[in-house]
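Okay, so here's just one chain, in structure tokens, the form predicted alone.
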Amino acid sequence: MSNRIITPVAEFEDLLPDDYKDLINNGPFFEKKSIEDLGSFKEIIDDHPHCAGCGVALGIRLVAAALPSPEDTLIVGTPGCSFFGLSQTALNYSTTAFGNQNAVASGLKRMLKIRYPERTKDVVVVVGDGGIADIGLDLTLHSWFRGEKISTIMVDNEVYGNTGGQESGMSRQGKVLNMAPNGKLFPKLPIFDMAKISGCVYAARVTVASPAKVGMTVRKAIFLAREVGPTYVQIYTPCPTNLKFPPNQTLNIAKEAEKDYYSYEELMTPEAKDYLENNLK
């Protein structure tokens, strides 16, 4: 595949900022890149519109660096904080109505299989906790029940970050937020556990404080979704704006979460384990 689809037409190229042009010329395409190579290529524009210290922006950078075939990958998302970062990358990106991303991704994966029968096309959902755990939960679960060969990645900032700081299903019980002054009344939704019993052949829980693990789990999830079945990765991406901590403390907050309640965990079916042992180098 060429990078024609991500290259601006000549008539408009001069209108684009140099930062955008740099994404095309120095993006993560056609050469094997990984988390270890971050800084040697461009995965997002420098002036992306996320808040200082945004965990979601960091999560998106790590996911972009971990994609095994970014030029043959379609990212599907929804409105929300993740949209603002994903739309500033050079990845093939499609935004959907809020919550129906897994249904759209299912259709796109089937269409790409028909259109490119001899070439692998990865379809990866990258959405926040609201899109997956709340309004999109039913469509997410049904894509897993059906065995759709797509990867679902949650960038979990535990809050509705771009609409004022309301609690989400993934907020921790008792957490006081801008629009939850008395604290959240029920526990964090167990989406990771639900993935295990809903048809996912692979699931992993990780935080942005462990970039190598993020890279490893994203790669495994995408490889397994190609041939074995649906996969799920849940990445903790804390939000300094709405969780009220200094922007330079994002990684420390994530590290504390790893010790407290967001420990690294990886689960896979025997079929998935066998596939990785024989195919992932």
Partner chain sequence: MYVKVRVDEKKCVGCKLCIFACPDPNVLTYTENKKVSADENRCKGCGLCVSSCPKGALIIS
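Residue numbers count along the first chain shown, from 1. What you see is a predicted model, and the numbers here were worked out from it, not measured in a lab. The term rigid core refers to the most C-alpha atoms you can superpose between the two forms while keeping them within 1.5 Å.
Missing here is the form predicted in complex with its partner chain; even so, the following discussion is about that form.
- Residue 58 is the only one of 67, 243, 254, 58 with a heavy atom lying within 4.5 Å of its partner chain in the predicted bound form.
- 50 is the sole member of 33, 226, 50, 213 with a non-hydrogen atom within 4.5 Å of its partner chain in the predicted bound form.
- Contact between residue 19 and its partner chain in the predicted bound form is found at the 4.5 Å heavy atom cutoff.
- By the criterion of a heavy atom within 4.5 Å, residue 54 is counted among the residues contacting its partner chain in the predicted bound form.
- Its partner chain in the predicted bound form comes within 4.5 Å of a heavy atom belonging to residue 42.
- Using a 4.5 Å cut-off to its partner chain in the predicted bound form, not one of 148, 265 and 270 places a heavy atom inside that distance.
- Of all the residues from 218 to 254, those having a non-hydrogen atom no more than 4.5 Å from its partner chain in the predicted bound form are 247, 248, 249, 250, 251.
- Once you line up the core between the shown form and the other one, the Cα of residue 212 stays within less than 2 Å of where it was.
- Residue 47 is among the residues whose C-alpha shifts by 2 Å or more between the shown form and the other one once the rigid core is aligned.
- Compared with the form shown here, the Cα atoms of residue 20 and residue 238 move at least 3 Å farther apart in the predicted bound form.
- Three angstroms is the minimum change: in the predicted bound form, the CA atoms of residue 250 and residue 44 sit farther apart than in this structure, by 3 Å or more.
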